[in-house]
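Given next, in structure tokens, is a single chain: the form predicted alone.
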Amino acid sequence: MVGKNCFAIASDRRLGVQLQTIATDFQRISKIHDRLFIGLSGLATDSQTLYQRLVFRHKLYQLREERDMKPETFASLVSALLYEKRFGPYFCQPVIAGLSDEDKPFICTMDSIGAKELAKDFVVAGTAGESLYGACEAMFKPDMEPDELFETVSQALLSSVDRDCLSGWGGHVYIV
């Protein structure tokens, strides 16, 4: 979700196989650099593999360009990487959130073959996606300050995962 010169990215903590809970402290959100985060919902092994490949590609970019990737560039990289594997896709739905050099927030999500969905307010992914859309639509206000954004995202996440039996066990919220 986007605020005034900031963004929030959040996820639940449950790792499960269908209705069986495997772990209650699973980390879905990863930091690429100080102003760029990616959240990967979906199959845990594919998420970890995709994250490792993305970190590798980002490090190569840093070595070649001597700077960090912009969020828009990183989104294109993720999209291209997913599209390469379209016939045997990674079962992941990435959510990318970052700040540009001018402190303008950027958010987008993709399907498993890299089709981007850009938004100005919020994006959602995962098993609780339908209830997250409803909660975010009801709670979102433009130009929220970081404290208000944290509270809004936390309440939207908690109210949504309460309505979905395949997610839950608390959450992680990052504000940048």
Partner chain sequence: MTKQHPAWSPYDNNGGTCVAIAGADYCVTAADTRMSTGYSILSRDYSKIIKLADKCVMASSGFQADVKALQKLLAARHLIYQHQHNKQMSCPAMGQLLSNTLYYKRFFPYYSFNVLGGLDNEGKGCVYTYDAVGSYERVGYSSQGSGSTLIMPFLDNQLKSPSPLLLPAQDAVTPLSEAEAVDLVKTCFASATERDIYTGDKLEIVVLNKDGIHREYMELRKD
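Positions refer to the first chain, counted from 1. This structure is a prediction, so every number in the text was calculated from the model and none was measured.
Not pictured, yet referred to below: the form predicted in complex with its partner chain.
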{"item": "In the predicted bound form, segment of 108-116, 59-67, 35-43, 135-143 with a heavy atom within 4.5 Å of its partner chain", "value": "135-143"}
{"item": "Contact of Gln155 with its partner chain in the predicted bound form (heavy atom, 4.5 Å)", "value": "yes"}
{"item": "Partner contact for Ser167 in the predicted bound form: its partner chain, 4.5 angstroms, heavy atom", "value": "no"}
{"item": "Its partner chain contact in the predicted bound form: Ser159, any heavy atom under 4.5 Å", "value": "yes"}
{"item": "Partner contact for Glu148 in the predicted bound form: its partner chain, 4.5 angstroms, heavy atom", "value": "no"}
{"item": "Its partner chain in the predicted bound form: contacted by all of Phe122, Ser131 and Arg163, heavy atom 4.5 Å", "value": "yes"}
